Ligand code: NAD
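The form predicted on its own is given below as one chain in C-alpha cells.
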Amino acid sequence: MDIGRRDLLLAAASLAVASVAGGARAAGDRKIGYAIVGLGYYGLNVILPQFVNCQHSRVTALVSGDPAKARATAARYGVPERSIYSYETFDQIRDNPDVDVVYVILPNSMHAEYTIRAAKAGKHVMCEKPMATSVAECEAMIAACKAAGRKLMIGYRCHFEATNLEAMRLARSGAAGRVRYVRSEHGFVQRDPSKWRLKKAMAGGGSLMDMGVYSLQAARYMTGEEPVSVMARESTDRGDPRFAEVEDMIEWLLKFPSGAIASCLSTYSANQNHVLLMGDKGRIELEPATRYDGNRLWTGKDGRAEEISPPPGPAKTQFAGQLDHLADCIQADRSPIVSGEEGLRDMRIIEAIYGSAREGRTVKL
C-alpha cells in the first residue's frame, strides 16, 4: 500500500471516528444487525457492551456452544430466543433477516471456516485478527465474500482509536520529519498453559499470532509504507510447558522503501505496549499504545517533551467506531478501510517472519 492510499485510508478512519461518514441518515433508519459468533471474554465482555455506544449497529443474534450462557446473554441484550444458534445450527442464520453481519470472534483456526460459511449464508463478515492462520485461508475468505457479494472487514480496532489516529496524522504531517526508525513492542505474561492461544492447532502460532499483530500493524501504519524485507529471530524456552507448541518471544526487523527500518517484538513472557517513531526532526511516542483505553501520546526532539491529546470528537469508543464503520460501508456500498486484503497483507508478512526465524535469513517481501 503506497503512502497516497494509506493517507486516504487514514482520512477515512478519521471520519469514521469523528462522525461515521455518510451519517446524514434519518434517525429512524434501520440499524445494521450483528450476530456475535463466540461468547468468550472478548465477545462477551468487550464487544457486546459496546453496542450501546453505536449509532448504526445493534446485536440481533448470538452463536455459542454453551446454551445456558447464550440464553442469559440474549436476555441481557434483548436478543430473541429464535436468534440463538449453536455451531451446529449456524448455517440456519441465512434465514434470519435481522442479521446483516456475522462477527467472528473465535480461535484463529476457526476464522476461515466461519467467515466462508457466513458468506455462503449471504451475510457480511467482521472477523477478528489475525485474519486466519495462513495466506491460503485468507485468500479463500476473500474469495468467498467476493463470490457472495458481501463485505469482509478485519477487527483492527486501532484504526478507530483516537490516540493512534492522532499519532498517524502527526507522522503524515511531518511532525517528526523524515521517518527513519520505528520501534513497536507488544506482549503480556501468558501464564496458563491450557489456554487455546498456546495450542498451535487452534492459534496457528504463539505471541506473533496475537500481540505480534499489533507490533506489525503499528510499524506499517506509522511509516505509511509496506516493508520490502524482514529478518527475524525467535527466543523460546522449550522446557517451559507454556511453550511446548508455540513461540514465546520473536523479534523482527522490517526494511521499507524509503530506507526507514522498524524493530518489532512480540512476547508472552513480559508486559509491554509501546510504539516509538523517530524522524530526523523529532519523535512520536505512544505508551501505552494499543490498550482498550488509557493510551497516551507524546512528541519531542529527543524525549517526551509534550503530551498530546487527540482532537475532541464524539463520545464513541474504538469498538463502536469499528462496528459502525462496517455498518456505514454496507449502507453506502463502500469497502472498509481495513478489509480482508489488509488482513492478507499482514498474514503474508507473518509467514515471512516465521520463515526468516526458522531459516535464519533475510526474506524479501
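Everything numeric here is computed off the predicted structure, so don't read it as measured data. Numbering starts at 1 and follows the sequence shown.
Keep in mind the form predicted in complex with the ligand is missing from the figure; the text below concerns it.
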Query raised in the report: 101-109, 174-182, 75-83, 236-244: which one contacts the ligand in the predicted complex at 4.5 Å, heavy atom to heavy atom?
Result: 101-109
**Report entry** Triplet 87, 128 and 292 all within 4.5 Å of the ligand in the predicted complex via a heavy atom
**Finding:** yes
Query raised in the report: Out of 285, 161, 210, 225, which one falls within 4.5 Å of the ligand in the predicted complex, going by heavy atoms?
Result: 210
Report summary line: Among 135, 202, 276, 148, just one has a heavy atom within 4.5 Å of the ligand in the predicted complex, namely 202
Query raised in the report: Using 4.5 Å between non-hydrogen atoms, is residue 155 touching the ligand in the predicted complex?
Result: yes
Query raised in the report: Does residue 43 reach the ligand in the predicted complex if we count a contact as any heavy atom within 4.5 Å?
Result: yes
**Report entry** Residue contact check: residue 39 to the ligand in the predicted complex, 4.5 Å heavy atom
**Finding:** yes
Query - residue 197: touches the ligand in the predicted complex, heavy atom cutoff 4.5 angstroms - result: yes
